[in-house]
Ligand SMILES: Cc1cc2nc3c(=O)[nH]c(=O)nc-3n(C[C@H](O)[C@H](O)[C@H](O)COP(=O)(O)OP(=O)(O)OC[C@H]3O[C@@H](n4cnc5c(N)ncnc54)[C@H](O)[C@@H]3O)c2cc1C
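We begin with a single chain expressed as structure tokens, specifically the form predicted alone.
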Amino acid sequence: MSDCLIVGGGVIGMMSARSLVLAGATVTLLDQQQCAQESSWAGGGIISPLYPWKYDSLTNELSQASQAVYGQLCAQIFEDTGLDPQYLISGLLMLDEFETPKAKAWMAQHQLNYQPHQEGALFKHIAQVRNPRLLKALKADIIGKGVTIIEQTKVEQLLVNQHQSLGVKTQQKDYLSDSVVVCSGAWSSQWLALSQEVFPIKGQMIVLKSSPNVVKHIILDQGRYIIPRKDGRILVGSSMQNVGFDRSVDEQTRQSLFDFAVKRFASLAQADIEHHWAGFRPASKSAQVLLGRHADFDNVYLNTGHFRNGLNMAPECAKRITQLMTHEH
């Protein structure tokens, strides 16, 4: 029996596990498939909301606090595991919306400046990680720190006694714990009743094989982005579809993403599309992150519903859940 049972092995679940085990808890993490194969893996790895003024104050607060520690966190994980998350301050070049009244007011309030660029606004401080590598490193890190990971284990429901959770029921067996943290992303509402339902929003992406320095900064335009990796690969995303758990990809979206990249960098017309995939962002009906104690259970905590911002909010979300749990117990 663990002090804490975490359901979901994406970046939110693994960061929460890392934070809790460092605080002295014994932690078991369950994932219905393999850790880090869903939304955390499928996204772009930008450590910032795309258009921060479009989000609520909590999302920005969590993101900004995470941005401040991400570089040091990645360096520590690299040192502890020998696996490089490829944290890179590449800057973000925004081509649209930065001159809207809402954007200007938000930047003035947060004392955020950009560098004027011939094509738009360059936010020089924005960083990225190569998220599949971060997730691989994070998994090795928490295993090394004593977290028990159990994969291919789907949670069916909470085990409940009045207003207390005793643990969770899975297809294989029951797992007992003093507390449960829900980090199941788009699947959270499938096994747990939540006051604000969490549901999937599909996004499709492609990766191009190119050369280093063809694209120097993250490019953001019309809600889509182009992300240069250190080795010259270029990530292009992302579509937005409310179609449930339909993982299919389509040629029309693939071509649209490719055309989006080529329109801005003509040399990419010769680049090969190496991979095309889809992932499920965990959206909530309230359009806000669910972070805190469950309304109906004293020892069940929520860390889900992050939509497009799970990776960029993960360190601070994990910190706050840990503070809440260790303060209450």
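A residue's number is simply how far along the shown sequence it sits, counting from 1. Given the structure is predicted, the values throughout are model-derived calculations rather than measurements.
The form predicted in complex with the named molecule exists for this protein as well; it is not shown, and the discussion that follows is about that form.
For the residues Ile46, Ala261, Val289, Leu62, the 4.5 Å heavy atom test against the named molecule in the predicted complex is passed only by Ile46. This chain appears without its partner; in the predicted complex, the one residue of Phe297, Phe265, Trp53, Phe280 with a heavy atom within 4.5 Å of the named molecule is Phe280. Arg320 falls outside the set of residues with a heavy atom inside 4.5 Å of the named molecule in the predicted complex. In the predicted complex, the named molecule lies within 4.5 Å of some heavy atom of Ser39. With a 4.5 Å cutoff on heavy atoms, Ser19 does not count as touching the named molecule in the predicted complex; it lies far away. The closest heavy atom approach of Ser165 to the named molecule in the predicted complex falls outside 4.5 Å. Comparing 76-84, 140-148, 101-109, 176-184 against the named molecule in the predicted complex, the single stretch with non-hydrogen atoms within 4.5 angstroms of it is 176-184. Within 4.5 Å of the named molecule in the predicted complex, a heavy atom is found for every one of Gly8, Lys154 and Ser238. Residues of 18-33 placing a heavy atom within 4.5 Å of the named molecule in the predicted complex, in sequence order: Leu30, Asp31, Gln32, Gln33.
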